[in-house]
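As a starting point, one isolated chain is supplied in structure tokens, in the form predicted on its own.
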Amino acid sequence: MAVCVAVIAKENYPLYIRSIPTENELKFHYMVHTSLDVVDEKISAMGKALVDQRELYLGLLYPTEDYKVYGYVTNSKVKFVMVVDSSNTALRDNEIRSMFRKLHNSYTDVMCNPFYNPGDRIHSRAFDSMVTSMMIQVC
């Protein structure tokens, strides 16, 4: 089960963070921000290959005892981070990848909105409902 979804801007500030158990919200914010170092390492390690392959999915960034943190980066260097409950062993890598593609498509829809200023926090009800359905669907 996905417990936290975050969209991080190119300059590493959050555009959107949503977590389901609100009592651990600060813990998930910390996990997302600590994962940004791993994202930067993976991007710099890929270097030119990232542009050539068009592979946006970064895979498992790091596991903890209770959660696994996955990453995805767009062509414009916007980062998506997803925290998944480790107890859900039925969730495979290709399912995580498809969830990131769905998140990227919804993010693209937000960017295409003429009333959205790039770099502002995301306050779209359609984006929020898509993230919520994605988090509930994985349960």
Partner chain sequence: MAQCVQSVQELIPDSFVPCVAALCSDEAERLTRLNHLSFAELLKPFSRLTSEVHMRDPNNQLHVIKNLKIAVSNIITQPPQPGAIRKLLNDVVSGSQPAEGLVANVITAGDYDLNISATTPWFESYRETFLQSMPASDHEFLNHYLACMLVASSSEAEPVEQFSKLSQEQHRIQHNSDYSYPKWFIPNTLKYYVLLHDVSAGDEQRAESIYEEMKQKYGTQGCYLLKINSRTSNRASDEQIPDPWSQYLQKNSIQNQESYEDGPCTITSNKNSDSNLLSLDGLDNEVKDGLPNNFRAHPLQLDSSSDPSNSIDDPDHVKSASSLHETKKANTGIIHGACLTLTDHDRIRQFIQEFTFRGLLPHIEKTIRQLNDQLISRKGLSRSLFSATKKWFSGSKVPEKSINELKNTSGLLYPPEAPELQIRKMADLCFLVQHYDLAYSCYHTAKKDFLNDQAMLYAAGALEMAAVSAFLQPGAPRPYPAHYMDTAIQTYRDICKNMVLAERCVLLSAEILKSQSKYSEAAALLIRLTSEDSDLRSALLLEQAAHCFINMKSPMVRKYAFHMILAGHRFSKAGQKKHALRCYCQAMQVYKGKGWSLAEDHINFTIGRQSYTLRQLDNAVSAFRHILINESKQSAAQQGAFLREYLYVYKNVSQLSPDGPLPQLPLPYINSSATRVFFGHDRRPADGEKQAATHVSLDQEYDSESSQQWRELEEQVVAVVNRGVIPSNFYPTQYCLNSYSDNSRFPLAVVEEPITVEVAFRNPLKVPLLLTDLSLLWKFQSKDSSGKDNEEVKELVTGEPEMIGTEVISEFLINGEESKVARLKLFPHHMGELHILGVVYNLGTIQGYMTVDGIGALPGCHTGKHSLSMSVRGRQDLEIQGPRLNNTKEEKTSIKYGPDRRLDPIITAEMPLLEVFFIHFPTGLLCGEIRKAYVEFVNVSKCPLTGLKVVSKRPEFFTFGGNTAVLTPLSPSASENCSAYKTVVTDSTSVCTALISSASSVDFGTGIGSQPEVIPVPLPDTVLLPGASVQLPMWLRGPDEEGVHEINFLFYYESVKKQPKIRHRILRHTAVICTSRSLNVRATVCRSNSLEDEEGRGGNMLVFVDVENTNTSEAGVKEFHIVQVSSSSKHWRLQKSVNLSENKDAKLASREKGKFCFKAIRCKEKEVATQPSEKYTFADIIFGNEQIISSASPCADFFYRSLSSELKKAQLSVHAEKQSIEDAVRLIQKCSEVDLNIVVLWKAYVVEDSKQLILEGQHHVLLRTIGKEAFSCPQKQEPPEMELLKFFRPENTTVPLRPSVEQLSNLIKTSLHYPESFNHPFHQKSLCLVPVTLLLSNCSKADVDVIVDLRHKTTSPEALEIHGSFTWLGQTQYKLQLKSQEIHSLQLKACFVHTGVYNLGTPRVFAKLSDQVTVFETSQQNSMPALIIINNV
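Computed from a predicted model, the values in this text were never measured in an experiment. Numbering follows the first chain given and starts at 1.
Quick note: we don't show the form predicted together with the partner chain, though the next part is all about it.
Although the partner chain is absent from this view, report whether residue 12 comes within 4.5 Å of it in the predicted complex, heavy atoms only.
Flag for residue 12 set to yes.
> Would residue 95 sit within 4.5 Å of the partner chain in the predicted complex, counting heavy atoms only?
Replying inline: Residue 95: no, not in contact with the partner chain in the predicted complex.
Legend entry - Touches the partner chain in the predicted complex: residue 66 (any heavy atom, 4.5 Å): Answer no; every heavy atom of residue 66 is more than 4.5 Å from the partner chain in the predicted complex.
Subject >> Heavy atom of residue 25 within 4.5 Å of the partner chain in the predicted complex >> reply: Residue 25: contacts the partner chain in the predicted complex.
| query | Are all three residues 91, 125 and 128 in contact with the partner chain in the predicted complex, where contact means a non-hydrogen atom within 4.5 Å? | reply | Answer is no for this spot.
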